[in-house]
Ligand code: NAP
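Next up is one chain by itself, shown in structure tokens, the form predicted on its own.
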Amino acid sequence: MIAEHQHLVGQGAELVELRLDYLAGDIRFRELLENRPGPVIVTCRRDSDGGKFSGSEESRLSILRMAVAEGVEYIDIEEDVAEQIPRFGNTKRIVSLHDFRKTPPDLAEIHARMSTLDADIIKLATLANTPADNIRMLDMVKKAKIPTVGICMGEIGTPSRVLAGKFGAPFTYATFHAERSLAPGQLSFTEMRDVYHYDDIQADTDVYAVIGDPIAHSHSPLVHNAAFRKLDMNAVYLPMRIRHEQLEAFLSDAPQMGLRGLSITIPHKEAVAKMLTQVDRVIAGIGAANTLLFSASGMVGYNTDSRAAIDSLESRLPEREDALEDRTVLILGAGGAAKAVTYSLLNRGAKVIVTSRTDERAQKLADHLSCRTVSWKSRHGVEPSILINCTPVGMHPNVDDTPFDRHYLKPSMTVLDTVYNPENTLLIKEARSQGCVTVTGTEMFVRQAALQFRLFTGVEPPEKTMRETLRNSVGAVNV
């Protein structure tokens, strides 16, 4: 604990919580505190509050009183025992309440009750079951007369941890190591510092996010936040897990969190498209959106997958206006990305054939856009000029999978794989080994993200920074 404390302060942490309930045996306060490198919060949690302390309640309270006597900067005491640990010296009191099942509907009443317990800071940590729980929690923090740290636990609650300062919380909580989370949904100190730049988030910081389910795997926060940092912009980009049944309510409430724009990923691209006030030409044609802006006139939608795919392909094809015209293109997959790519290719005069592991989905897409389809089993019978993988086959961790057998890859083919993690998928490696021209998912991802960035901010994106950030994250190796 001493070693980790010293390390964190060396990394820039300004306040560190010491969880005494994780220590076995007698606690040697002098050794722990005498030469501490920075201010601390001392906490000793019992099991009912998510802690590890297994001794008697009187022993626990005695430990907390001893910490106050030793002059620690902050002591964290639960609401029900706050009156049993009197104020002493300069130690500030954090009065806390934890709910690991829900975010109670009566947050304001709970806060008012806790405000009577001689608190310097009030801490409320509750489980988020819906995105609206974040909004209610952050609104309570903003209105609080006593400084309040209000955070929602769980993956759905992660935005509340990052945005706590924007709404007036004196600090937020992070774990000291990415693999040692002490509460559900907790981010590491290095993530909060290096990805989200928590200390730079202010009341007027613009907020953007990527929504999906699942969302933890998304690299969009890394890429967009790196771009904001490069251009010194007052903005932050978050991952938000939104379930299908929560989507409509979330979109209605999102501006209350300061959200100005969203990236849309699986499984929400088609559902969001139906809720938009204005749409671009691609969305009108395919019914799938991957970008949303909140404006005074409503929700405005775009699809940047389409242009990104075309631009990525044309960057590797002969430089002429009709480079795609009359080329036979085989699309693997029939999801949102496949629809966007198919639509734009058809508009460029390409001859598109769609196949999917679910034949019905491929047929539905083909009927909608008036193109050909073949069954998944028959896909190798097509001899395309361009092959585009829009399935997740080959994505980490299933890096030994490929959606197309290498024996059917010809030197005359151009192969685009939309999977970007890893950049060099098995399909890309085998295509190169067969002499094909290849376009990686990294290129398409960065292009679509850059288009989103431009739509979000009106500023020219730093594509080089975005590309380097993504490659560093996925550990790309150019082989």
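Here the structure is a predicted model, which is why all the values come from computation and not from measurement. Numbering starts at 1 and follows the sequence shown.
Missing here is the form predicted together with the ligand; even so, the following discussion is about that form.
Novice: Does any heavy atom of W376 come within 4.5 Å of a heavy atom of the ligand in the predicted bound form?
Specialist: Looking in the predicted bound form, residue contacts with the ligand include W376, since a heavy atom lies within 4.5 Å.
Novice: Counting only non-hydrogen atoms and a 4.5 angstroms cut-off, does G441 reach the ligand in the predicted bound form?
Specialist: G441: yes, in contact with the ligand in the predicted bound form.
Novice: Although the ligand is absent from this view, report whether G336 comes within 4.5 Å of it in the predicted bound form, heavy atoms only.
Specialist: Looking in the predicted bound form, residue contacts with the ligand include G336, since a heavy atom lies within 4.5 Å.
Novice: Using heavy atoms and a 4.5 Å limit, would one call T391 a contact residue for the ligand in the predicted bound form?
Specialist: Answer yes; at least one heavy atom of T391 falls within 4.5 Å of the ligand in the predicted bound form.
Novice: Thinking of the ligand in the predicted bound form, which stretch from 68 to 76, 261 to 269, 139 to 147, 115 to 123 has heavy atoms inside 4.5 Å of it?
Specialist: In short, 261 to 269.
Novice: Heavy atom within 4.5 Å of the ligand in the predicted bound form: which of L317, I353, M395, I85?
Specialist: In short, M395.
Novice: Heavy atom within 4.5 Å of the ligand in the predicted bound form: which of N234, T277, T358, S295?
Specialist: Only one option qualifies, and that one is T358.
Novice: Scan 418 to 447 and write down, in order along the chain, each residue with a heavy atom lying within 4.5 Å of the ligand in the predicted bound form.
Specialist: Counting only heavy atoms within 4.5 Å of the ligand in the predicted bound form, the contacting residues of 418 to 447 are T418, V419, Y420, G441, M444, F445.
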